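Below, in structure tokens: the form predicted alone, a single chain.
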């Protein structure tokens, strides 16, 4: 439902926006942001119809404009000359409509007519057709939107989960032209926490159209994924990749949105590869990996393999918990003289040993995420294309009524005291698994009285290691749940939320861990003794003795993944870079509550075995001779 707003409502919000951005003038950008912040405004409605969140547009405008100085040089909030022109045009539109008061639609149309403002340039960058949206606005009636026919949502017999009211509303909005939709299955998905549903839309004549994959995620994530699809997938991947052929569904009233992944018309019945892979022989799996997955998608992604020298933290810090979480202090609170000051560009040595309760001053770091509901922001201690995902910290206790923050902003200065550190979070995750050992020690108990290096205590040194590797476009979450199979045994990829340029081996290490967790499933015993025995049996992959018969198919499958990974090395037999990826991805998996306790315990040990391999065979920067010597006494361990 859309409603009209008069000039007074708009100017109040616009001036508040100007003050929070420290501009102290009234520009077109402030007027436009006021239009998108008015709940039920025509601007929000029309942007939603274009598949664009109004809040996402406002954030993009703020990034483009940037914040002003803290120091105010004049009183009041005067209009800019261009604002006066736009308000004048809006006044003319009002008179043409034979009204005596100016409405939000008049200002929206006037901004579009002006054409050269930052808001219009942002809309064009987001692929909005200005002429088309202007025509819609001109014809739009500020009355209740015509009611759509009720869309029934049905569930297949084996779909046992319930869907919340917001999800049902989204589905009905997205499929409003159909009589009903059938929810066939919930796909496994990856680590993002988004929901993936296999949906069949059904027409009024009860004809079922082709099934498609629906993804439901927070609004910002939906918009970001659309941008990633346009940059890395559209026009590059073969026809068997899932396609975003429709605009996102982003109802103004919800904080979640919906993406429709349409699949080739001849796809037939779709199944997650994770559901069928255990019925295959290891030969079938090997053939599928090589001849379907890698050969089909590798040309435009993994086979690019450009030389890439990087420090491990640049690619893998982002999979770990935040370095620390700060409780923000008011601006008037002065930090103590011995407070830790972190400035961009930051030296990583300054990040070590941050302690609980310590005062920290952050200067010139990038806002990654804004969570108004949780009164928090996430910052990245780096500003490059890849580094801005890394070295992330959380700041909580933000007063958004007084302080404006937006994604992409470089924050001049924040002061807070450390509420929680990364080590504390990882140790909490370890204690949740009720270990029969001390997780703070440098060794983990293994089999026959032997030990493994504990990745929970060694990972900081590993982050500092330098790798000579390759760079490609990667999927970013190559879990089995994001790979589908059709009736013709063709492979289809979905979910591009994390697609980017990155370390080529990231995808293959992710796939290895997904294969282990799905293949073992509930076959794992939960005791730590059981887990150590399974880990030892799996380590036959790198030992000369024969594998345990029950695990032999899984080991052959892992070996097939690694044969493909080896094709992506910068140098022949460069296995340490693959094991570096495994260590960090295991640390992510071991803390992921979506996995069973047994699988999480195994991930800790699989990461420990990968770390042992590194210390056995490579002298990496950041590790001392004593570090390596501690674990060089058992050459037959792997």
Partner chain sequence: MNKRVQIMVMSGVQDGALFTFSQDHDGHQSQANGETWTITIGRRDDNDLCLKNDTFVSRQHANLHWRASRWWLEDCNSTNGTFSENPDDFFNDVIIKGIVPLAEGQLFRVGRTWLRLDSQD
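Predicted model only: the values in this text are computed from it and were never measured. Only the largest set of C-alpha atoms that superpose within 1.5 Å between the two forms is called the rigid core. Residue numbers count along the first chain shown, from 1.
Keep in mind the form predicted in complex with the partner chain is missing from the figure; the text below concerns it.
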ask   = For residue 69, is any heavy atom within 4.5 Å of the partner chain in the predicted complex, or not?
value = yes
request  = Report yes if any heavy atom of residue 118 sits within 4.5 Å of a heavy atom of the partner chain in the predicted complex; otherwise report no.
outcome  = yes
ask   = According to a 4.5 angstroms non-hydrogen atom cut-off, is residue 82 in contact with the partner chain in the predicted complex?
value = yes
request  = Although the partner chain is absent from this view, report whether residue 133 comes within 4.5 Å of it in the predicted complex, heavy atoms only.
outcome  = no
Stretch from 529-537, 118-126, 414-422, 288-296 whose residues place a heavy atom within 4.5 Å of the partner chain in the predicted complex = 118-126
Candidate from 48, 598, 570, 60 lying within 4.5 Å of the partner chain in the predicted complex - any heavy atom = 60
query = Taking the partner chain in the predicted complex as the reference, which of 460, 78, 335, 397 has a non-hydrogen atom within 4.5 Å?
reply = 78
Sequence-ordered list of residues in 19-38 near the partner chain in the predicted complex, where near means a heavy atom within 4.5 Å = 25, 28, 29
message = How about residue 85 - superposed on the rigid core, does its CA move between the shown form and the other one by 2 Å or more?
response = yes
ask   = If you line up the core, does residue 601 shift 2 angstroms or more at its C-alpha between the shown form and the other one?
value = no
ask   = Does the distance between the two CA positions of residue 424 reach 2 Å or more between the shown form and the other one, the core being superposed?
value = no
inquiry  = Closer or farther: how do the Cα atoms of residue 482 and residue 126 compare in the predicted complex versus the shown form, where the change is at least 3 Å?
reply    = farther
note = in the predicted complex the CA atoms of residue 223 and residue 111, compared with here and shifted by at least 3 Å, lie farther
